[in-house]
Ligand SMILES: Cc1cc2nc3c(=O)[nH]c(=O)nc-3n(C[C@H](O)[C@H](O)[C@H](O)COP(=O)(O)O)c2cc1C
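Taking the form predicted on its own, here's one chain by itself in structure tokens.
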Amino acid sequence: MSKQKYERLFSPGRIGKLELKNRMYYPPMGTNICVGGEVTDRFLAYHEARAKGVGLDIVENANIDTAGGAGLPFGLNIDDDKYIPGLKKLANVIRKSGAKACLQIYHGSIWVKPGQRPVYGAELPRELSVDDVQFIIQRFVEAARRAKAAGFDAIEIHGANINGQTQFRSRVWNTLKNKYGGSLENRARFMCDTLKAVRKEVGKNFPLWCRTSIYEIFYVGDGKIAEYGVTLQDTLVHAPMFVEAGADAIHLSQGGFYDYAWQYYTMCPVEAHGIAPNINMVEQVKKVVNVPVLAAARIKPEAGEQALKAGKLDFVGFGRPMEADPDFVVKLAAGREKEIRPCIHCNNCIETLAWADGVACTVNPAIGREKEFEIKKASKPKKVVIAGGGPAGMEAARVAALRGHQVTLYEKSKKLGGQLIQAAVPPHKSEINNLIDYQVNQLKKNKVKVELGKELTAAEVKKIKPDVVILATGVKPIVPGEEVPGLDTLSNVVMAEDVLMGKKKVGDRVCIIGGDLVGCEVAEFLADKGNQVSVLRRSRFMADKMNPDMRMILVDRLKQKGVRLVPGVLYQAAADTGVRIHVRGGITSMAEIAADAMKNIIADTYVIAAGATSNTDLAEALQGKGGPKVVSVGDCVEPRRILEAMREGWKAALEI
């Protein structure tokens, strides 16, 4: 059914001499799970899982010169022949899984201090000579020889996002005075010469192409564009030059060397950008080249099918969706779209690349740990009861049922989803609803018995005599007491959850007490409705428990929408005349603090978003009673994120 629905996606394609079974590919996604530059068992399992279904798997970021172009600390290397055996295993694993194997090779360049330009080598910044550039090109040639010797079916030269090739194309970074800098044509020369040299090494029939950024934007505060390092018009000139130099295809991305957070926000679009936000620019590049064009970036299957039919591109990449569910294409082909674990485009996978443990996905705990999280049938089925129908409880139920256990899930409310329900309400968060739908469908598919509107109690546990009890009872909201003297005397105080769920109305002027993620998201929710919003936070920074890049983007949006952010506060007293605070500093300007360190925040409604505490009522009731094994997961252990809830639910079920 889906193969008919997505006829073009599942149609065969060709890049040069490379025949591909369909027009879907897994793009090069950073993992940071190699050791010493070598292919690891984790890396093999990661690509084995994602090569199923797609026509092409592009392996990411094989560094051609680790001494002169540092990349990820646990990335893949290809600057020595010793790496060939491991790479050969990888190519074989990908082909055995059904895809053609492409290796992306790149020069990582280096990060420098603000105001300096990145340069080749580890010494102090200096201008590259022509000989320096030729040396780097030769390293690309040697890397290509190794990739071909390892049995890869194709090679991609990485010139997009963050690396040395990208820097040469940028009018901001590239200030060379030799033939590799200055004019528009000169800034493309490094890639062109690299393609020509690699083409000579691998032969005229070996599939070879490059990845390049459509544009590079430099931002100033509040998400405003300061200047372009690379424009679309530049790319419309450069892309045909790359084809002339020997590229069999053009693989498009976006972004380059600029502020880290905005780089990934641009490179990896989120819900706020809409579906396939770059597709019209991709189409313009397609019009100026006579080779296939590949592109990814939030292109959903329906949009990809339409773009293929309209001739806007030739191959569609599914990166983050296949990190969330490596069987994405397999399920799509079988008409099992409801079974696809959805990407919610939170970009946690991007922000965790520098972590020592490697990439992490909010909705897929198994990413990069496929063998560790492998679901196998239990040797002896057991009776399992689960308290709580949020993400942790539902994930535990799903995995336990897949292992053959008899599972009953109790949810005291009338609806499954837990805190995901309110988390999906703020602006640009609606894709969380897809996660709820997926988990609910999985419970139905795997015949989990769900008791809605029924709270699991210690008496019920004693009555039904389960083998295992998994507690996913979530949290209770914190209502500030002594921290905000007098707050309990006010009548115009409501809880953040009630505001998001439409249970309570607010006045025109709103003061939110608590400026972590929930407080900031409620602020944006209300600002979009036209309310005047202030957010108070005791910490010096707003939403500082978020991943830093997405935090910066959220804070910038709040500023653009006129939300007043007041961090670093000491609460003095709350009364009908307002909440009296003392400002200790933070994002609020020093001039404002100097003018009035003591402030009185007047509002029509005060919204409490002061965090939450673990709900341990049932855990305490069961403690010391004997009986079944009891395991707590998710926020009832400690209030955290969706990621920890999903991971702990899955792990708890594996250990039954």
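Note that residue numbering follows the sequence shown and begins at 1. All of these numbers come straight from a predicted model, not from anything done at the bench.
Another form exists, predicted in complex with the named molecule; not displayed. Remarks below refer to it.
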May I ask you to choose, among Gly37, Pro628, Gly30, Gly69, the residue with a heavy atom within 4.5 Å of the named molecule in the model of the complex? Gly30
Contact residue in the model of the complex, from Gln167, Thr194, Thr235, Asn161 (heavy atom within 4.5 Å of the named molecule): Asn161
Where, among 422 to 430, 292 to 300, 376 to 384, 480 to 488, do residues come within 4.5 Å of the named molecule in the model of the complex by heavy atom distance? 292 to 300
What I'd like checked is whether Asn61, Gln104 and Arg211 together line the named molecule in the model of the complex, meaning each has a non-hydrogen atom within 4.5 Å of it. yes
Please check if Ile78 has a heavy atom lying within 4.5 Å of any heavy atom of the named molecule in the model of the complex. no
Cys349 versus the named molecule, in the model of the complex: is there a non-hydrogen atom within 4.5 Å? yes
At 4.5 Å between heavy atoms, is Leu353 in contact with the named molecule in the model of the complex? yes
If we define contact as a non-hydrogen atom of the residue within 4.5 angstroms of the partner, is Glu521 a contact of the named molecule in the model of the complex? no
Near the named molecule in the model of the complex, with a heavy atom at 4.5 Å or closer, the residues from 301 to 320 are Gly317, Phe318, Gly319, Arg320
